[in-house]
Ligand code: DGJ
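Single chain ahead, written as structure tokens, the form predicted on its own.
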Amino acid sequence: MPVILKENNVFILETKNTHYVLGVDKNGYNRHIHWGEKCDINDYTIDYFGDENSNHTLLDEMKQEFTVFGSTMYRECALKAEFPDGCREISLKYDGCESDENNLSLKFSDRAYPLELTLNYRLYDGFDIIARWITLKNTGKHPICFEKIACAEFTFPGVKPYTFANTNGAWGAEFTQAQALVDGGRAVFESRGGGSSHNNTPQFIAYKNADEKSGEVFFASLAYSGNFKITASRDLYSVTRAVIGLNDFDFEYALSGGEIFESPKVYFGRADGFGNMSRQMNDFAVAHILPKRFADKPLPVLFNAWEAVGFNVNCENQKALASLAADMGVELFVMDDGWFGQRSSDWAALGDWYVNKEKFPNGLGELIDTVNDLGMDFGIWVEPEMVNANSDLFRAHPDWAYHYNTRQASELRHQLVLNMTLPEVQEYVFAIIDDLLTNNNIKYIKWDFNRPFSETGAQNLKNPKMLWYLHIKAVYDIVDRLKEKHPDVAFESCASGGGRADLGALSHFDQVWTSDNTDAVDRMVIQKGYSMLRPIKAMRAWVTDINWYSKPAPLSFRFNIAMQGALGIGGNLTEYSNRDLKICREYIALYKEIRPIVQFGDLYRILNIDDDEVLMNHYVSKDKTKSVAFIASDGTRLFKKRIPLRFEGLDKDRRYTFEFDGKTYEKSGAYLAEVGIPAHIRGAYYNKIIIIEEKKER
């Protein structure tokens, strides 16, 4: 996986199947040369040209790796700063490079000011994925104020316009896919509320004529859970570019003298088809993104008590639920909101992270001992970045929440956002969770974040617009400290659903909550969007009860959908019939059998519920000896669907056996992929799970 340095400052990043080529020209400009198929390394050169005319300059036309604001460059920039004397332009000179087999750093500095910029690249053996990020250093004494900090810039090959896929989601509809053809002007995907993933997501997928199995696809994902911005554009020269990084909305970062700023990383690559892209990113995330302690371990089947009791949690009803959950085969029992302070609704007690003695007169130990005696680990919900105005914490420290003295605070969900840029708030949050973990046998923390920022006054900061970045950094730092001190505790990132389900969260948390919407029909769409560039292993999916927002799908159908990620149960088990409990036991046992394939295998998206009226996802073990296919439809129309089911991903030269619709099949992998088997998919909530195994020779 070499980094090849040619003469004349041309650098070739060679991945498993691609070349990514950049350079520095004789004038000191960083230049983008190629991203795509491998070529003869001796052919790569830097082209030179002049201004088109006085209105269209070479800087606007130039394909750069990272564009700084200044001079006669008028297109989207990646970096903009104001120096202490008021100059708002950056002019870079090239200072050299550092490299080894898997890393490359290009070093630049401003020609007049004490600013150093380093473009960093990292390669990974066996992958067509590269990490990019920048480092900024102020070598002077006075602060340099940055108005914009992107993490990477990309230039795409060819002159035809690209379609950019992102999401156009919402709470309860996260990861709803959307596409935009960028044939001129700009398309912007961003977040502004302090989270990353409810609406647009911090990633792009760029393509021309691509589908699941074919077509050149370029993709990038930003490992950052705060406000982000992606700008995709196509200029008069038919050059398509994308800039990705921190959102410059209400943003500022003051880099003090001697300080170094390292940006979040962007993981990018190229693939043939969306399926190959997703499988590569899934494997990459497990190998290189997820925290190492649990990355290669299957996530347990959990039960969460929220939908069963809401805020009316107490020791006795939790023990009753735990007994039923254990009998079903659950491995992790999670107590949700309502266990602390004077918490009986969402109006009060956020921030008061002490055990409610009326609900738990003997503390948490009695419940945890019961859960452990039943053979399960114990987990608990917290929302440490938030506070209710009606709480002991807020009454003691009203200045700990973001606020302006002259503005009325907006209490979304009756709560305020704690100012995580305050050191005393950071220490408080760390201390309360550390105490909880030190004094109780807790193996799992569900960390929630239920509202966006508002009234973003941070009087402690000289540059208050730094809070957007510093808040997220504080969250990451606290979670890392807690994980270092309590290495056997797994952490889940929850943000009012999937509001922080990005690679930044997954660099620190072990799993993410995908959406508060657990409706099985809606989840078919939500989970597909999630799967495009995120690891299936970390995708929590629950089986819950039918309620005001969900459709009356049978329990078996709900299991079909939830078993396609990290399975959880969230219903009120005390109201389940003996038949329902039996169904739960059977499906949990089945999930444990296929869990290694689902969480660590290869996903092939065969049929799409929106286009085909049928969902079919095929998970194949890495050694291709076993697979599981999930087929589901909430209802087909007009006497449809009598279709062949094709099973991609198996070894075409091996033979496989399985049962379907009362018939036993033995077919080659080639036949199953190219011809398939007949299926008659009719009626509401069609639901089948097929386990396929390699036929062993006797």
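In case it trips you up, residue 1 is the first one in the sequence shown, and so on. If you're wondering where the values come from, they're calculated on a predicted model, not measured in any experiment.
Although not depicted, the form predicted in complex with this ligand is the subject of the following passage.
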If we take this ligand as it sits in the predicted bound form and superpose the C-alphas round its site onto this chain, is the site open or blocked, where blocked means 3 or more ligand atoms come within 2.4 Å of a backbone or C-beta atom? open
Taking the shortest heavy atom distance, is G379 within 4.5 Å of this ligand in the predicted bound form? no
So in the predicted bound form, does any heavy atom of R413 sit within 4.5 Å of this ligand? yes
Contact with this ligand in the predicted bound form for N247, defined as at least one heavy atom pair within 4.5 Å: yes or no? no
Heavy atom to heavy atom, is N138 within 4.5 Å of this ligand in the predicted bound form? no
Counting non-hydrogen atoms within 4.5 angstroms of this ligand in the predicted bound form, say which of W339, W542, F218, Y267 makes the cut. W542
With this ligand left out of view, choose which of Y604, F83, W306, F360 has a non-hydrogen atom within 4.5 angstroms of it in the predicted bound form. W306
Any idea which of 239 to 247, 451 to 459, 493 to 501, 525 to 533 reaches within 4.5 Å of this ligand in the predicted bound form, heavy atoms considered? 493 to 501
